[in-house]
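This document contains two forms of one protein chain, each encoded as structure tokens and listed individually as structure 1 and structure 2.
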Structure 1
Amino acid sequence: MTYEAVIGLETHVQLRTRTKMWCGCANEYGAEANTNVCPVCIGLPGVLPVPNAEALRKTALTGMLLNCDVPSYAKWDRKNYFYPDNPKNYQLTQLDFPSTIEGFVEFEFGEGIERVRINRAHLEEDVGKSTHFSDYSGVDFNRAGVPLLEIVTEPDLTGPDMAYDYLNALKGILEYGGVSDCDMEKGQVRCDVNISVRPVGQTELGEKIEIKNMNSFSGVRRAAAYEIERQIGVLREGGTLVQETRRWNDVVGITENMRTKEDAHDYRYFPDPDLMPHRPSEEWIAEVRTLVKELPLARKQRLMADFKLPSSDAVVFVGDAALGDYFEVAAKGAKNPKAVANWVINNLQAKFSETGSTVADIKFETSAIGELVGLVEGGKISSKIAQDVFAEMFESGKSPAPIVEEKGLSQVCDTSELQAFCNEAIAANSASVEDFRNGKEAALNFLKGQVMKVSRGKANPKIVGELLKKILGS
């Protein structure tokens, strides 16, 4: 029997806010353990939480970025469970009335565009972080109470690679929208993977098994691939799958049982008595909607259409939004935006790496790269000279034309002057001349290079090639 996988993802994303969800403690990574805490976030009796207004806005904004509806009523519930990193013995979350519902994410997969439905993106709070040492464990509550968004898909994913591409697309959307930094090394994105398998053609879902607390997208892909094969193997051997929670052991490359999967009633959810429901007004929703930005996939498609860029170039500009913004201004009105893209991607990024600088540090005018491209394509300077001009532009901030004028770098197109350069190169390289006359075409390129060297890069290479052939009798 042939089986197919069905995957749903629950992605937990820390929101980019200055303070925590219910108190004024800093939402900050890397502080000394248990220093960003107060009676509210460590669950002391008698304290009252106050919602973070920025977290509410960023939650609604995320819903809009994910094409979700923002209901006019949302509330918080207590999810009751005991664990050392949960100081209140309950987690504030949203059960039946979440902040956003029923959206979708579109992303590139294979040769086409896939759509995964979003069930909800609801707001809750993070818990502390446990660290296990050789003979004891410690808990840092700095993270407890940080605003956390849980983004839940429908079971629309069909394999590990699709899950991986969806997660990367989701990360790009959240970063573009400015709602989260999505730094996985800081634990700002974590993922629970729900997997079931069923015979091909069957509509009913198989037994759902959850892999908990995945902290890398590549780990999700590896864990899902293993777990799918494990479940299929159990069924083919006549075994039975039961709903459970498993962990991924990345060292061994297997999933391991943690516990039998709980259901909602096991957590004894009830509405939080200390928090009023959130009732966003139409005006508030309209204000948040003004913050919606163009998403990565839409930007990529527009860059390819408007600037005739290949997919590989557009991906670079989508991956680095600041660089993409710079390119769009630099290429505006350019006759050859692809050439502008080449300079930005290759030369400008190389200078960033060399100097440790960024787009914000660029000294020359944004239009200067387009002007430089125009000088090359107009025959004013050669491509080799353009490299030197660009280096001077980056260092001094000057425009290309004045640099060319000041340094006398204009391309030599005068035939008599170029012929003198050619004759000098021919006289100094008799062996290459003989090779060319014996049918070795590569020798001509060598001679052209020697002419360029003699002219210090200023000779027009096209005219040089024609002159060499004429002089050598080809």
Structure 2
Amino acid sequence: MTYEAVIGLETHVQLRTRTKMWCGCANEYGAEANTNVCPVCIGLPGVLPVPNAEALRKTALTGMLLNCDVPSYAKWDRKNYFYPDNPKNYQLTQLDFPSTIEGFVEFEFGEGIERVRINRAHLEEDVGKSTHFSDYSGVDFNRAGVPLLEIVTEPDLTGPDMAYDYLNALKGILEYGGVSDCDMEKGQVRCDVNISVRPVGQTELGEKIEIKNMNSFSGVRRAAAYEIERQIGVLREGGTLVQETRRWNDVVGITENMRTKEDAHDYRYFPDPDLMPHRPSEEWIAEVRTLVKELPLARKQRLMADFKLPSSDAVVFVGDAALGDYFEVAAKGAKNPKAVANWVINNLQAKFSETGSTVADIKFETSAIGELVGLVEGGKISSKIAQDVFAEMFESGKSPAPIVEEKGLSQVCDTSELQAFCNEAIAANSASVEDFRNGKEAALNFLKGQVMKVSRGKANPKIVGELLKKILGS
């Protein structure tokens, strides 16, 4: 019997806000333990939460980016469970009326485009962070109360690679929308993976097994691959699977049981009496909608169509939105946008890493790269000279034409001048001349190089080639 896997993901993403979800403490990573805390976020007796408007805006924005609806009514619920990192011992979340519902994410997978349905993206709060020592644990509540978005897919993913690509696409979307920095190192994205397997052709789902607290996408891929094999193995051997929660042991490369259904949590959800419902007005929704940006996949497709870029170039511009934005302005109206892309991706990026600067630091006009390309293509300067012109542009901010003018870098096309350069090179390299005449084609290239050298790079290489052949052939 052949089996297939069914995977759903619950992804927790910290929102980028200045302050926490319910209080004015900084939403900031890396501060000294328990310094970004106040009575509200350490759950002192008597405190009350007040929702951060920006977190609600960013939640709705995320919903829009994920093609979700933003319902006209959302409310808050308490999810009750004891844990030392959970200051109130209930977590505020959205159970049955979340801020966004029913969307989808489209992303490239293999040769095609896949669509995964999003059940909901709801807002909740992060908990503190525990550190474990040999015989005790310690808790830092700086992270407690940071706004956390939980993005839940339908069970539409069919394998570990697809899950991996979905997660990367999701991360790209969230970064693009400016809703989260998605910094994995800082634990800003965490994942729970729901996996079941079933015989191909069976419609009902198998027993769902959840792998909790994954903090890397490659981990998700490895864990899912292992778990699918494990589940299929159990079934093949005639065993049965029961609903359970497992954890991924990255060192050993296996999943391990955490708890089974019998001791599953009873979260006793109920509406939070301290928080009033949110009824977004049409104006509010329209205002958030103005923040919606083009998604990475859409942009990639547009860059390829509008600028005739190869996929590899488009990916670079999608991956670095600022660079992509720059390219789009620079290539506007350019006859050869692909050449502009080459300059931006190769030369400009090299300058950035060389000088530690960014798009914001560029001194020359946005049209300058297009002009430079025009000079090369019009035969005004050689591509070698163009490198020097570009360096000068980057340095001084001047446009390419004046640089070429001032420094006398124009390509020499005048036949009599070129003739003189050729004669000089021929006179100095009689051995190569001999070789060429004896049939060594390569010698011509050497001589051509010598002419370029003599002309200090200004000679038009095409005309020089023709000229040399003419002189030596005669």
Partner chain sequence: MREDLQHAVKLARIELSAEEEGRLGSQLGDILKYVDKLNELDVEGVEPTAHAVPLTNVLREDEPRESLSHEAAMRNAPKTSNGLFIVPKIVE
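Heads up, when I say rigid core I mean the largest set of C-alphas that superpose within 1.5 Å between the two forms. These numbers were taken from a predicted model, which means no experiment stands behind them. Start at 1 and count along the sequence of structure 1; that gives the residue numbers used here.
*Asks:* Have a look at both and say which one is the form predicted alone.
*Replies:* Only structure 1 fits here, because that chain is the form predicted alone.
*Asks:* Could you check, with the core superposed, whether the Cα atom of Phe82 shifts 2 Å or more between the two structures?
*Replies:* After core superposition, the C-alpha of Phe82 moves less than 2 Å between the two structures.
*Asks:* Could you check, with the core superposed, whether the Cα atom of Glu111 shifts 2 Å or more between the two structures?
*Replies:* Where the cores coincide, Glu111 shows only a C-alpha shift between the two structures that is less than 2 Å.
*Asks:* With a threshold of 2 Å on the C-alpha, tell me if Thr17 counts as moved between the two structures once the core is superposed.
*Replies:* Thr17 C-alpha, core-superposed: shift of less than 2 Å.
*Asks:* If I align on the rigid core, how far apart are the two C-alpha positions of Lys448 between the two structures? Answer in Å.
*Replies:* Between its two positions, the C-alpha of Lys448 lies 2.6 Å apart after core fitting.
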